[in-house]
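Given next, in structure tokens, is a single chain: the form predicted on its own.
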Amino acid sequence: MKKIYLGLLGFGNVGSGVIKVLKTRGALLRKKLGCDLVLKKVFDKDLRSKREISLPREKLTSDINQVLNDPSIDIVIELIGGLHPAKEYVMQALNKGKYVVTANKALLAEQGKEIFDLAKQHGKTIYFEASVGAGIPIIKSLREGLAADRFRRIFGILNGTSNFILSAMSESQVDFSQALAQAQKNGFAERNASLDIRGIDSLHKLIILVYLCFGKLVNLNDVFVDGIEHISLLDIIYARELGYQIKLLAIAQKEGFELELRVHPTLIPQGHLLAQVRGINNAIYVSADLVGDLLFFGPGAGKVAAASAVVSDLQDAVLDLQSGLFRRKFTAIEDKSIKRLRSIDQTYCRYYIRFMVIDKPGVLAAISGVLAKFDISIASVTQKERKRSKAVPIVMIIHEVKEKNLRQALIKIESLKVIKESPVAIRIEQI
């Protein structure tokens, strides 16, 4: 039986998961593919740390050249993460005529054009199912299952760490720092979780989805991003009382000739399926013209889920290699009707706003007066407590407003002597 030789870059969490799947499901894959998948070399700078799965010493190397310069290795699996040296390794693999499987969303989002152009030049393909949603088959669904559809909008809970933190705050009534510590203890967050909680990980994944759906490879700096680190337990509780859950949402929607892209905490009605997504799970809500609305749901983190997607890509790579096919996996048709990206200042949303104020007569009138000057209409207002010795919260829901107007109003309100803290404003989406 023919053998296909693999080189794995990165013996970390996901890398260990891939090795485990190749070991435990080898017979199944052999029947499906008609060949043996042989893991020839595993590269990692750290070969001393203990893993839950072991490999013969001769399969391990800290010399990248033993993978990239080995002519017998047909497919390189890049699971190092980050931009460098991952980019250089991927490009070297392509220059050596190898197929590449990667789960590296940051690399594709920031350097995708250069990498895919090089792959095309060499008649090779990049496979990247695990880059978004871990085990959720969202890439194949968008690229193949919805090949004839035109897309209207995407709403995604794309980061398992942030979703776990917000879920823990809501369900266990703990503050942000406690929820983050719990995520780290359970292995759902890195020691430095800044990319997750600041929304950057979700941004990388959104850029990949936007390219597949709208054919636009967007610059990171052109997308508004706000993380969850400023979300308090108070806001979680008040939002729930008002019938909402707070989620870190990645949004892409076509509005006329403009494409609107943003990543930020969002109030979602409790009755919507996205509001029910708990723990490390991810969900992607897609609206398209032929199929209507679809929701893809599943574990957005975890080595086994990610390994499942990597092995799925391996299957595609092997089939392409055996048949000599070149399929441009990252090719999308550009939506020519989209002329520009909409600035965040020009977007319109409903808002939840919390003010911490001195409890005295005239406070609400002062706040309402400023809002009125910027054409901002109040839908509802609640004063939660009465403690004259301390600041008390006033919670408002405001009707749809232009972002620029709201920001100007909040700056004015924050300067009022009765305001004790910076106002908290969180967008509301009626999905």
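No experiment lies behind these values; they were computed from the predicted model shown. All residue numbers refer to positions in the sequence shown, first residue = 1.
Unshown form predicted in complex with another copy of the chain; subsequent notes refer to it.
inquiry  = If the cut-off is 4.5 angstroms on heavy atoms, which of these, Phe297, Tyr351, Tyr238, Phe176, is the one near another copy of the chain in the predicted bound form?
reply    = The residue in contact is Phe297.
task = Name the residue from Leu195, Leu341, Leu146, Leu217 that puts a heavy atom within 4.5 Å of another copy of the chain in the predicted bound form.
result = Comparing distances to another copy of the chain in the predicted bound form, the residue within 4.5 Å is Leu146.
ask   = Among Val21, Ile136 and Ser308, does every residue place a heavy atom within 4.5 Å of another copy of the chain in the predicted bound form?
value = Looking in the predicted bound form, the three residues Val21, Ile136 and Ser308 all sit within 4.5 Å of another copy of the chain (heavy atoms).
query = Among 91 to 99, 182 to 190, 70 to 78, 289 to 297, which stretch has residues whose heavy atoms lie within 4.5 Å of another copy of the chain in the predicted bound form?
reply = After filtering at 4.5 Å, what remains is 289 to 297.
request  = Report whether the minimum heavy atom distance between Asn221 and another copy of the chain in the predicted bound form is within 4.5 Å.
outcome  = Residue-level check for Asn221: no, no contact with another copy of the chain.
query = Is there any non-hydrogen atom of Leu29 lying within 4.5 Å of another copy of the chain in the predicted bound form?
reply = Flag for Leu29 set to yes.
inquiry  = Test of understanding: in the predicted bound form, would Phe116 fall inside 4.5 Å of another copy of the chain by heavy atoms?
reply    = No, Phe116 sits far enough from another copy of the chain in the predicted bound form that none of its heavy atoms falls within 4.5 Å.
ask   = Does any heavy atom of His264 come within 4.5 Å of a heavy atom of another copy of the chain in the predicted bound form?
value = Judged by the heavy-atom cut-off of 4.5 Å, His264 is well away from another copy of the chain in the predicted bound form.
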